[in-house]
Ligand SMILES: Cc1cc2nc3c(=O)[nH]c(=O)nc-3n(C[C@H](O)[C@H](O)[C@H](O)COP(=O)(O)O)c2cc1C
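Here we start with a single chain on its own, the form predicted alone, put down as structure tokens.
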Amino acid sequence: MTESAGRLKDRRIALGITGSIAAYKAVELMRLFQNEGADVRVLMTTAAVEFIGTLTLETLSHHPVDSDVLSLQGDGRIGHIAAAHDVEAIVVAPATAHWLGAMANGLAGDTITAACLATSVPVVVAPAMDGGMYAHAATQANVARLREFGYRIVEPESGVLASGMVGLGRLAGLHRIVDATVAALSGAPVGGQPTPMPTRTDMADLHVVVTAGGTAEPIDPVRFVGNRSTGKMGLAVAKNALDRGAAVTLIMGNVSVEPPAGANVVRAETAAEMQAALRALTPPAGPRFDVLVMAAAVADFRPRSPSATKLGRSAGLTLEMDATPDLLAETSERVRASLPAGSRRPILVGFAAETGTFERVVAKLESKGVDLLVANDVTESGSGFGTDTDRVTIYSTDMPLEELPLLPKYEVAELLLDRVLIRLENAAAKSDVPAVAGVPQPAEIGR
């Protein structure tokens, strides 16, 4: 094993490999763990052995592979029990639908489930399977059960699968699995908003603009018309983009949490101020960003004639309201109109807060002119305003909709930006013209 002073120096990890075609990636995952300084031993299911064998893993790990639940070690100990007590974390990658079901129900038919049942150390699970299999209610119920056990789930990614179909089921990026293991061993809470070390650079050289928070449309100098948005989702997107190396401009309305360090913050308390900030970022010469994520909850209405002085309450109050501009549709149209010939169009992402049904979302995807539209039901427990978690459905112009399970908002942000990067890579493959976006300073944008 290569000597390393990495984040896992001298930590002992068991890598569990199940019978997915993605098993071939486990060899590289083991090397990444070793590069971080970890001592890795391998557990395999019988099906995994059929895919990749044991010789390479034994040679690189310097440990025998434990693939037989009935086998004994040279010292007479039961292999999976020894692993359960000798290591500091167990990482199951890839984890098949079958393994998730067996583990959720405590069926110890292989060395990995047996070791997980016998251990008290952190367990990290990275599922990989066909998109339909992962979306099935049975699989989602098993994943939810593992979360209840305290297991850290590294959600799969979207892309081309072994079947040739496209969907959410590809094994997560190996760096994500390593980062999740580091977080698990550092004691970071499973259910809270993680703050991973900025080890990813897949958004370096990109300028990401994020709108976040609610707007407050004044009635008078004291009162306003607004909404319940806290800005947590938008700030999570900004934080994740920063953690991946992007330059981030955050156009921020009213929020309940502090913006992430490193973002170029532009305050925009009203719809008009947010409109001005977005227009400054899309001048006639073309957009000054590579990605725009419109997560702000812009008030739909504003008082027609706000008072310059505080209104009394003795006579009651009747308000005449005007609709505010549709900033998402307006910005999308302006981006297309101002795009220089031959340049690559930025990726545009919108959010739709719905109540009870998503019937309007498909029409919104088309009318807003965006690449991705993220919908959530704000009446659902754990998925409304002010929560630290969200359950979203991602609608796309070029792929089937994706229903994500209830996740911390930072993880939702990470999966969303993964999908943004797929579209940027696809656009780059079709064009030799790079997207160049300057990062304006606050004085250039407005308040």
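It should be emphasised that the depicted structure is a prediction, and the values quoted were computed from it without experimental measurement. Superpose the two forms; the largest set of C-alphas matching within 1.5 Å is the rigid core. Each residue number is its position in the shown sequence, starting from 1.
There is another form of the same protein, the form predicted together with this ligand; it is not shown, and what comes next is about it.
> Report the residue, out of Ala104, Ala183, Met133, Leu242, that has at least one non-hydrogen atom within 4.5 angstroms of this ligand in the predicted complex.
Of Ala104, Ala183, Met133, Leu242, the residue with a heavy atom within 4.5 Å of this ligand in the predicted complex is Met133.
> From the list Val123, Ala297, Met203, Ala128, which entry has a heavy atom within 4.5 Å of this ligand in the predicted complex?
Contact with this ligand in the predicted complex is made by Ala128 alone.
> Taking the partner as it appears in the predicted complex, which of 418 to 426, 56 to 64, 41 to 49, 405 to 413 has residues with heavy atoms within 4.5 Å of this ligand?
Correct option: 41 to 49.
> Taking the shortest heavy atom distance, is Ala97 within 4.5 Å of this ligand in the predicted complex?
Yes.
> Relative to the superposed rigid core, does Glu50 relocate between this form and the one not shown - that is, does its Cα move 2 Å or more?
Comparing the forms between this form and the one not shown, which are aligned on their rigid core, Glu50 does shift its C-alpha by 2 Å or more.
> Taking the rigid core as the reference frame, tell me whether Thr111 has a CA displacement of 2 angstroms or more between this form and the one not shown.
It does, since the Thr111 C-alpha is displaced 2 Å or more between this form and the one not shown after the core fit.
> Using the core for the fit, does the CA position of Pro94 change by 2 Å or more between this form and the one not shown?
Result for Pro94: yes, a 2 Å-plus shift.
> Closer or farther: how do the Cα atoms of Met294 and Gly131 compare in the predicted complex versus the shown form, where the change is at least 3 Å?
Met294 and Gly131 sit closer together in the predicted complex.
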